[in-house]
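The chain below stands alone, shown as structure tokens; this is the form predicted alone.
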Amino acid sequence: MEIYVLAFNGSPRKDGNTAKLLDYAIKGAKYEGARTKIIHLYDYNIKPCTGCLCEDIMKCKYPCTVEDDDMKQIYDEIIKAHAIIIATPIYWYNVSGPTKNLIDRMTVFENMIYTDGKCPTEGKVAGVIAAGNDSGCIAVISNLYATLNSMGFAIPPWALAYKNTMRLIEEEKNRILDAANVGRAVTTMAKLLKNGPDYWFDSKLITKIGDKENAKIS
């Protein structure tokens, strides 16, 4: 089965450091035989999350209550993908605005554990790239790692790359190598997981271990 790696460029620049690192990740994925696609988030209209699950947890599920934007086609690509790579510039120790909107709107997948008993992103693979000229890269990567893993994504070894200096990316050979290995790592992990378990999060586990009193999700 062909592995499909979907990559997101969260920078407004298609030739900046973030995009260049992502290009190397794509090359690493292609080297391992993956089919790839890059989505430049600034080309899409992604509205902010409205937090509907705070009113009713059953409302938050694919394809989302927010309408009239481009997120539906992005959702469909994520569902088809075996692995994703999120590359973002570092804006004040965090991701860019469109990247944050993407992540927030992906909550529909995570919440479907509770609405449908199955999360569409469960068992997929994720890698992260962060680029800036100063500090904040580890804060961004750690945040994205925790969030993506909470959405069911597997995080393989070496699936991160970052830049945090004023030097040209072409001068940072080790960062380029790291980025290429992000693509290789997510593709390799996706190959290993393609025949993995049907599910990782068991929505009925509390009942199965005998705690019926706490089995109902509120």
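If you superpose the two forms and keep the largest set of C-alpha atoms that fall within 1.5 Å, you have the rigid core. One rule holds for the numbers: they count along the sequence shown, beginning at 1. Small disclaimer: the values here were computed from a predicted structure and weren't measured.
Not on display, but discussed next: the form predicted in complex with another copy of the chain.
Quiz item: Among Trp92, Glu170 and Ala185, does every residue place a heavy atom within 4.5 Å of another copy of the chain in the model of the complex?
Solution: Yes, because Trp92, Glu170 and Ala185 each have a heavy atom that approaches another copy of the chain to within 4.5 Å in the model of the complex.
Quiz prompt | Touches another copy of the chain in the model of the complex: Asn143 (any heavy atom, 4.5 Å) | solution = Yes.
Quiz item: Counting only non-hydrogen atoms and a 4.5 angstroms cut-off, does Glu77 reach another copy of the chain in the model of the complex?
Solution: Contact with another copy of the chain, no.
Practice problem: Flag Thr36 as yes or no: does it have a non-hydrogen atom within 4.5 angstroms of any non-hydrogen atom of another copy of the chain in the model of the complex? | Solution: Because no heavy atom of Thr36 falls inside 4.5 Å of another copy of the chain in the model of the complex, the answer is no.
Quiz prompt | 4.5 angstroms heavy atom contact with another copy of the chain in the model of the complex for Cys137 | solution = Heavy-atom contact with another copy of the chain at 4.5 Å: present for Cys137.
Exercise. Could you run down 86-119 and flag each residue that has a heavy atom within 4.5 Å of another copy of the chain in the model of the complex?
Key: Those in contact are Tyr91, Trp92, Tyr93, Asn94, Val95, Ser96, Gly97, Pro98, Lys100, Asn101, Ile103, Asp104, Thr107, Glu110, Ile113, Cys119.
Quiz item: Quick one: core overlaid, is Asp15 moving 2 Å or more at the Cα between this form and the one not shown?
Solution: Not so; Asp15 is displaced by less than 2 Å.
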